[in-house]
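Heads up, the chain below is alone and in the form predicted alone; it's given as structure tokens.
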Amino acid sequence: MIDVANLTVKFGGVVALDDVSVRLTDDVIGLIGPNGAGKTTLINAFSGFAPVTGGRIRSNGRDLLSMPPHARARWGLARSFQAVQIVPDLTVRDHLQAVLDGKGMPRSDRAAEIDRVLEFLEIAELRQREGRFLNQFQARMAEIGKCLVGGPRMVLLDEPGGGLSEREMVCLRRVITRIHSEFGAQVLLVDHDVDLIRDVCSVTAVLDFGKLIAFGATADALANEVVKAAYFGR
């Protein structure tokens, strides 16, 4: 469970997150809102990349904001980025290995852990392929793989469906819905694809101008008239 209370982020005179409070208990939680609503800022606050002005983020009594970014990663916070972070001359296996190097996993366990994640993502045959030779979908899967190695507790996915085909989106849906059962981690999913949010998220939070304007069952959140006005332009 993640408890966000009165979270505020300011950049000069701009309030990017305005007193946001929400309790995240479900396996897969959606986060939507129009451009500039504060979605990525919220993920950045979780992971230590945004200056938090006030409020707190706790997990089972643990104060995440008191921990530096590397300590949050070791605790089990993992994230992807809108722009895939793949190094051209490193293999897929090397990318996952680099994550494990920072998590203190015994070397004797690392090969099996990498194999488990690659099998789960159905990209085991790509383990020795360098980043420069990955297509968009393969790179996205490798990015998610970096989130899944080493026992994550919370996985933050920032628009993982960007640029993917319908066939590839089917695979992405399957992966996201199985993360909790396979790895025990909660997932916070940011994406503009409302169909993806509807299909995989049991509950959804909606931000607009840095404020939380709705939170609840995904179908109810998407049907909310305030959400329609903010997100769909109605």
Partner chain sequence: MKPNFRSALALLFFCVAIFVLPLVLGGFWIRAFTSAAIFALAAAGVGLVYAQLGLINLSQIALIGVGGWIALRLNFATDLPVFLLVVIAGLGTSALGALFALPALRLRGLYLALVTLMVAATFQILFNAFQFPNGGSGFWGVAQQSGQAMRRPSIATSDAAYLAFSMVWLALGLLLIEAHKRSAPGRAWKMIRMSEANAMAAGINVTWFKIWAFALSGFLAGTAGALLAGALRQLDARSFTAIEGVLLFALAVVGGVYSWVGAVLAGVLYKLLPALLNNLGVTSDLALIVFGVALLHAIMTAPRGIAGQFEALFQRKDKA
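Given the structure is predicted, the values throughout are model-derived calculations rather than measurements. Residue numbers count along the first chain shown, from 1.
Same protein, other form: the form predicted in complex with its partner chain, not shown, and the subject of what follows.
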Note to self: in the predicted complex, does Glu119 come within 4.5 Å of its partner chain, counting heavy atoms only?
What the structure shows: no
Check: Is Phe137 close enough to touch its partner chain in the predicted complex, meaning at least one heavy atom pair within 4.5 Å?
Finding: no
Notebook entry, point to check: Is there a non-hydrogen atom of Pro106 within 4.5 angstroms of a non-hydrogen atom of its partner chain in the predicted complex?
Noted result: no
Checklist line | 4.5 Å heavy atom contact, Asp115 to its partner chain in the predicted complex | finding: no
Note to self: Quick check on this chain: which one of Leu156, Ala73, Leu126, Ile144 has a heavy atom within 4.5 Å of its partner chain in the predicted complex?
What the structure shows: Ala73
Notebook entry, point to check: So which of Pro51, Gly54, Pro69, Gly184 reaches within 4.5 angstroms of its partner chain in the predicted complex, heavy atom to heavy atom?
Noted result: Pro69
